[in-house]
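Next comes just one chain, in structure tokens: the form predicted alone.
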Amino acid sequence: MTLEIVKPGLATSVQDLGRPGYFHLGIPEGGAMDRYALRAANLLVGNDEGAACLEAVFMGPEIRIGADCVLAVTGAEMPIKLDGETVPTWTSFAAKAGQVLSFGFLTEGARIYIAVSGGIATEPDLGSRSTYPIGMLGGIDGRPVQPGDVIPVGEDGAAKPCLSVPEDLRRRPGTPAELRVLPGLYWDRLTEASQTAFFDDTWTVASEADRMGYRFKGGRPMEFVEREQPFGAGSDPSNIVDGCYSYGSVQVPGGTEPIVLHRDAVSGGGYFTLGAVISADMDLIGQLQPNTPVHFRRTDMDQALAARAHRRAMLDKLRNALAG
């Protein structure tokens, strides 16, 4: 069983749940920008929920199906067409050998996840099939898909068409989106006025938004508590002596436009980070389009852990809803 790429769409790549365990070597975890949507797509077609899918951004690919199978598309809202006939999103559907899967124009969100029964079976690198172009790892030769690529698919299990994710379990960011932030190690580098402004202001997603990070614009420039810069930190007050970045870190080069580091981001550098977006909200960032308004909301560790527990409960509800 194979999938043949007729048209690649935009930045379409093979992604799974990533390759944890190598961040200390400068290799990011990677994987799906919206892990919940990827899990849902796999559950719909009877795969292990961490199986590899295709992730496409803003514009879907055109794919010729190599054998009878079951497909599902989750994440952003983008009309799905099978040989020109519209099929529903967040729902499994049967496809026959030779049929062509294509997509209309994006109506909501940013990224879709295309799962096929059996899962994409490209060669894994460091335990993952996720594409990491900077390191040339995973996917098809470590790059996004191209026309003519033939992608292998694993053996089909007991996939069933016509399963659907209930509407209340289809997670969307909303407008304006709200992203909860836990202040971190360098938070006290900001003046109290700037700390307040960061959470009070409405930010918008800038055009520089990709798998490495999302930049936000429109808020007030940040002011820093005066200090004598330590040796090796440089002259700009937003610089620090090189430090580690956690996943979801919010760095602010020059104190102007925050950047939330995402799946393929670097593991350290010389910009201060004011905190991190909590893990429960990172999937939402992957569905934000440029110019989307965003509010950052201050949270504490107890609230962050409660949000993580709520997200796990939502995943359990999803698994139970699709168990049949």
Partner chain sequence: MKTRYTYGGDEHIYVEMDEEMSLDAFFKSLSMSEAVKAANLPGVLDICPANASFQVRFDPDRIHPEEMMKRVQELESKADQAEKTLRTRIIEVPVFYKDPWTHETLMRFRERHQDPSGSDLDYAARINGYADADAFIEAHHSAPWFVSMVGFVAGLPFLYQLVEREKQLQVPKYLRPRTDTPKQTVGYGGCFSCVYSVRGAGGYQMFGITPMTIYDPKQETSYLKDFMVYFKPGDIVKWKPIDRAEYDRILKEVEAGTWTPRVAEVDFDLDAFNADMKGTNAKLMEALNDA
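Because the structure is predicted, anything quoted here is derived from the model rather than measured. Residue numbers count along the first chain shown, from 1.
One more form of this protein exists, namely the form predicted in complex with its partner chain; it is left out here, but the text below deals with it.
- Taking non-hydrogen atoms only, M314 never approaches its partner chain to within 4.5 angstroms in the model of the complex.
- Using a 4.5 angstroms limit between non-hydrogen atoms, W203 is distant from its partner chain in the model of the complex.
- Using a 4.5 angstroms threshold between heavy atoms, W90 stays clear of its partner chain in the model of the complex.
- At a distance threshold of 4.5 angstroms between non-hydrogen atoms, F231 is in contact with its partner chain in the model of the complex.
- Taking L169, C244, A94, V100 one by one, only a single residue has any non-hydrogen atom within 4.5 Å of its partner chain in the model of the complex, and it is C244.
- If you check its partner chain in the model of the complex, you find no heavy atom from any of E208, L284 and P290 within 4.5 Å.
- Contact with its partner chain in the model of the complex, defined as any heavy atom within 4.5 Å, is confined among 159 to 167, 132 to 140, 216 to 224, 76 to 84 to 132 to 140.
- Annotation for 295 to 310: interface residues with its partner chain in the model of the complex are M301, A304, L305, R308 [heavy atom within 4.5 Å].
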